[in-house]
Every structure is written in C-alpha cells, then in structure tokens.
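Here's a solo chain for you in structure tokens, the form predicted on its own.
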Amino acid sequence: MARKRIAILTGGGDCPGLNPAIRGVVLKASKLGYECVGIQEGWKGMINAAAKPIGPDDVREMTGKGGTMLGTSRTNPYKNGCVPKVLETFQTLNLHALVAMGGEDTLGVANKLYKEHKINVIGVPKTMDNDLDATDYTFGFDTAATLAMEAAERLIDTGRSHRRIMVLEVMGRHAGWVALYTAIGAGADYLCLPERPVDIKDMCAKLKAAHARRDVAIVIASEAVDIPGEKKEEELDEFGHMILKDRGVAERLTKIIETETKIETRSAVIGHMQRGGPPTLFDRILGTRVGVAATDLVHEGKFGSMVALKGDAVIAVSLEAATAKLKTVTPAWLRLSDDLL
C-alpha cells in the first residue's frame, strides 16, 4: 500500500528557521509512515507542479542552515487566476496534505484554499516581522532582531569615534517589532516604527540631547515608517503590499536629522542580512517544534489549522483566526519604549 504524501512549501520572504521547520515535518512524517515532497518556490511551485521528493537524509543537517532549501516566491495564485492549477497539482501529485509555511500572505492563500476548496492544509507561521496574530512569536524574528541589535551596537562604537548621529534602518513592513526589540536591546536613543508617525521635532531634540551627553546618538527606524511631508507613490506587489526597496527611509531621515541638528549624521541599512545566516537557538527550536506539530495535525486530520506558540506550548489555532488581522506593536510596548528611549 502506497504511503500518504505530504507536500511542504515555503512562501514569501525567507527567514532563519525555515530549514529546521522543514526538517521537523519530514522527520516526524517519516516516523508516522508518510512520505514528503518539497514544493519548489512557494505557490509558484504549486501552480507549475514543481516538486521534489524530500526524505530524512535530505534534512538531517539542516538545523543550522539559513534560508529555505525549497526556494520561495511572492506568487499569489488568486492574483494570477491560477487557483485551478493549484488544485490540479494537488491531484497530480496525489497529495494527502499540504503544509504551508509563511506569513499573512502565504497563509491567507492557504486559508482561502481550505475554505473554498476543502484542501487539506496546515499552516506554519513564519515571519521575521513577528506580525502574525494568534501566536506569541514566529521563527525568524529572534535571529533578525539579534542581528540588528548587534549592528546597532557596532554603529554606536563608530559613531562615538567620529562624534556622529547614526541611523539604522531595519526590516518591518506593517509592524515595528524588529525595530522595537532592536532599539531596546541596543540601548538606542530614538525609535521610529510604522505604528506611529515620526515626530521630527521630538526626534531631533532627543538626539541632540543624547549626543551632547555621550558624543553619539542612534535612531532605529523601521523601513516602512511614515515621514511627515514626504508621501511617495508606492509600487505594490501581488498581495497589494507596498514594495519597500526604494523608500530609502534611513537616507531620508539622515538628511532631516543633519539639517535640523547641525550634527554630522550617517546611516546604515541592514536589509537582507537579517534574513540569511544561521538561525539563533531560539529559532532553531521553535522552527523544529512547529514543524513536528504541523505533521501531528496532518496525522490527526485537523486541517484548516495553524500551529502557534502560546506561552511555552505549541497549540493549534484556526487559519482564519490567525490571518484575520496583523499583530502590531501595542500601546503597552510603546509606553515601555518611551520610558527607556
């Protein structure tokens, strides 16, 4: 009798922890008697029926590897009218279930496929932005924020040497969790995040005061912040989100700060370095746990669910609830940052 087949795909931006999660699915599936196939390049692979067998020997040494061994894309089958091809691939590959790893967009597609076509799908939350609701943390976030914190500390050292104000731009489309944790962890002097508009007057006054005290000041800015008086026409991706690569937040803030404070100011953008490289221990463990749990949910037939971290427990929540809204920085966290910065 042929073994039931589980497909795994990773969609959206890559982040550390994806390979441990894939590994968790494959190893647990093997123990339960399933075989696995890896869908290549996210939903694009489900449209094109691009899949490769993936077994325990393929994933044994993937715990500390960054990126995703399956490849990824930001393809939206609902945008391109390709849902019928996704359904056809599900049948052609003789799949019992699909484990979709991604953020709001990837899992939003998974939820619609489950609701509209009864596809056997399980979601695994992945985003370095940590903005998926219904889970306390997503893998990728800890690594991204840790790398940004280390970059900020290095900028403080060189900024002090040259008596400068420094600006570090970090990733974060709709939610400022990476910027928040980076700023608190590195002892920054000011924080700019998407949850509130930048107060130019307040920012420059605080940076001047910090620079006067210690010959250096640093501001951490999320890539999607709103800068007053600088609205730009935004290009959108297939999921309707603004494409951030040309926004140049750090450069724009640098010019404003230098003009207002009359202090030499420099900027740095950590960018995609936050996505690659070995995951932290936290992300390795979390990725592994949710991968194993996703296979358990397949085995139990709890489709339409997403695995989530609540406290110290990995539990099942509905995909619909998980993708209903974004998790943004709360007023309590903003108050904490204001008390410290």
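Computed from a prediction, not measured in an experiment: that's the story for all the values here. Note that residue numbering begins at 1 and tracks the sequence as displayed.
The same protein also has a form predicted together with 6-O-phosphono-beta-D-fructofuranose, omitted here; what follows describes it.
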{"property": "Listed residue that, although 6-O-phosphono-beta-D-fructofuranose is not shown, lies within 4.5 Å of it in the predicted bound form (heavy atoms), from Met128, Leu132, Ala100, Ala217", "result": "Met128"}
{"property": "The single option of Ile165, Met171, Ala148, Ala110 touching 6-O-phosphono-beta-D-fructofuranose in the predicted bound form, heavy atom within 4.5 Å", "result": "Met171"}
{"property": "Contact test, all of Arg74, Glu223 and His272, partner 6-O-phosphono-beta-D-fructofuranose in the predicted bound form, heavy atom 4.5 Å", "result": "yes"}
{"property": "Stretch from 133 to 141, 249 to 257, 203 to 211, 172 to 180 whose residues place a heavy atom within 4.5 Å of 6-O-phosphono-beta-D-fructofuranose in the predicted bound form", "result": "172 to 180"}
